[in-house]
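Only one chain comes next, encoded as structure tokens, the form predicted on its own.
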Amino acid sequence: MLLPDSRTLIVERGNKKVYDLGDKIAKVFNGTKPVSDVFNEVLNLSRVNETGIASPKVLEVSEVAGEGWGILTEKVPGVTLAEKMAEDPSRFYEYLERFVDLQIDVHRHRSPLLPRQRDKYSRMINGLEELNATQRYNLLERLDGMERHHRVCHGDFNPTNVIVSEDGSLSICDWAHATQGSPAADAAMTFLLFALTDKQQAQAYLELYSERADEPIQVVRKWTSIVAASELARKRPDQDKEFLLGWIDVFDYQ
């Protein structure tokens, strides 16, 4: 993959850089990113494309000279929903309604070949060095007791990953953590991502999702310790470790 000199850096985070190439988007990883993870992300996005969910189409995956592996996708023109919310806070709840409805629509889809959410969470919890054996055991017991579902879940659904086009249509990007599993678990992750910056917005999201998805808030909350542990296992450079550890409350279900 050759990146033109005219490229514009959109975001740099952890082990990746995202460039605007005009009519395409390039996500370029450095050498610390396992090649298998890059291809897994491409496979996830391709399978999501096949469901009909509005998402950027995969165009190419190849090495980028002097950097690492890169993924080239079509560009969906527009701005993120997070930008819209920040530009006009008075419309936050209006935007939140569209956000929740979009997530619920995603959860209506199935993709049998996506990774299984339960297997992924189990693997991530087992690898957590921050928790002792008893804590990991309790989390895995809770995971095993949760109701089983096989719906498409984004895994990192937040307003920065929703693109609003000029005509108002919405598309979803960044499917690296997509799985098939429980919509309530996906909602629990979104709740935590909101809570990282604004607890009031997080509560508003949770109440609206519960109402529109007809999902008890208690079920979503039961997933929070599990998804907090999985997020902790990702070891993101900008991760709020203490915040996540605070949500892993094993005493709730001992």
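Start at 1 and count along the sequence shown; that's the residue number. A quick note: this is a predicted structure, and the numbers were derived from the prediction, not measured.
Missing here is the form predicted in complex with a small molecule; even so, the following discussion is about that form.
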- Item | Contact label in the model of the complex: Thr73 to the small molecule, heavy atom within 4.5 Å | yes
- Query: So in the model of the complex, does any heavy atom of Ile25 sit within 4.5 Å of the small molecule?
  - Reply: yes
- Item | Contact label in the model of the complex: Thr160 to the small molecule, heavy atom within 4.5 Å | yes
- Query: Could you tell me if Cys173 has a non-hydrogen atom within 4.5 Å of the small molecule in the model of the complex?
  - Reply: yes
- Item | the small molecule in the model of the complex: contacted by all of Gly155, Lys199 and Ser225, heavy atom 4.5 Å | no
